[in-house]
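Before any questions on how it binds or moves, here is one chain, the form predicted alone, in structure tokens.
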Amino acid sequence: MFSYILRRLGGVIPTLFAVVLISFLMVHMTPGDPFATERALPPEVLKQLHHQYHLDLPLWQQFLYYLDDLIHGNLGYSLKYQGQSINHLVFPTGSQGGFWVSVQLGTFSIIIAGIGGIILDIFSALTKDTLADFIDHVISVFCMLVISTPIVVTAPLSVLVFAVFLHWFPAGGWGTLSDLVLPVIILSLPYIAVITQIARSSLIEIMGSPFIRTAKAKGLSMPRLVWRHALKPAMMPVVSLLGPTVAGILTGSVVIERVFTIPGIGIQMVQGATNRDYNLVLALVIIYSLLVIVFNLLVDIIYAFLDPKIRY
């Protein structure tokens, strides 16, 4: 098991380096000058700014400077808010904005997606081919509808219905429990549906296995049968889905934070791209990528614990 973890860890650094290199090249190959404004700057000032941010050096030297700062935990300085450290912009003190807000939003969404998906999965799988078969059909239709509707549609629509017309929840903002409800539900809904569909198929297959029939013959009640014997092997595909789920929730939060005016790194990404703040955009891409890599690594390790065959 230890050697398996080492092999997985060995792939993290090359992957992260490739992400940093490709992101750096793409950002710096973007046309235009990051200091271009409606009012043209004097050539001397523009030259000084380029020198200050190493933009007057060849691209490979700029990358080495950036890589050195990154190794020492320095994400650089904002091109838009000159003098402002990106570390301070992304990780503000007090945990009231930036990365910490996105972490809270993502954590709640992952928890809701996991719990909701498992509950719907059990209801759907256990009502299939029974007198309550209509529940399985309702859940399946609901899942297909949610999966086929993108967040860019459901988010503004939920604001219109539940905030503007019904006045049940705030239309935006951050800080109270009511502010969490709509963004968390909208962000987690597609993944509730995906988890339900995948786990449903797995649970139906497991329920038809010989060891389940043996457990039934011994007189085990259905709740105990599902909880102690069927649910764990049925969750294997769901565990492997956790990495892409976290990635989807992280990228989906960009839309959610924009629609609900949540001060997370999603809205910072949009503002950074609009303001041509290349250093901020590059830092956020690297943070997103690092989170996805780490979560995929954790999923691989958890999967290896659940299924010993994976270790070999």
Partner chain sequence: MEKSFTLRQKKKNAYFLEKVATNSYEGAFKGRSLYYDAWLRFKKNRIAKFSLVVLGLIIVMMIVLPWFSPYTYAQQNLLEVYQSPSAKHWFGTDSLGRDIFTRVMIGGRITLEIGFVATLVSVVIGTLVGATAGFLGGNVDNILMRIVDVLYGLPFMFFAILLVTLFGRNFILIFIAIGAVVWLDMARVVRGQTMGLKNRQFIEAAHVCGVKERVIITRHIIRNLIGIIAVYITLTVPGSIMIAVFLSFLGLGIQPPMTDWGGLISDGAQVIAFNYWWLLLIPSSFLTVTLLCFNFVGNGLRDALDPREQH
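The model shown is predicted, which means the values in this text are computed figures rather than measured ones. Numbering follows the first chain given and starts at 1.
Quick note: we don't show the form predicted together with the partner chain, though the next part is all about it.
Just one of I119, I111, M144, V138 comes within 4.5 Å of the partner chain in the predicted complex, counting any heavy atom, and that one is M144. Of the heavy atoms in L241, some are within 4.5 Å of the partner chain in the predicted complex. In the predicted complex, at least one heavy atom of Q197 sits within 4.5 Å of a heavy atom of the partner chain.
The closest heavy atom approach of L297 to the partner chain in the predicted complex falls outside 4.5 Å. Within 4.5 Å of any heavy atom of the partner chain in the predicted complex lies no heavy atom of I115. In the predicted complex, no residue of the candidate spot (L166, I185 and I262) has a heavy atom lying within 4.5 Å of the partner chain.
Annotation for 253-281: interface residues with the partner chain in the predicted complex are V254, V255, R258, V259, M269, V270, G272, A273, T274, R276, D277, Y278, V281 [heavy atom within 4.5 Å].
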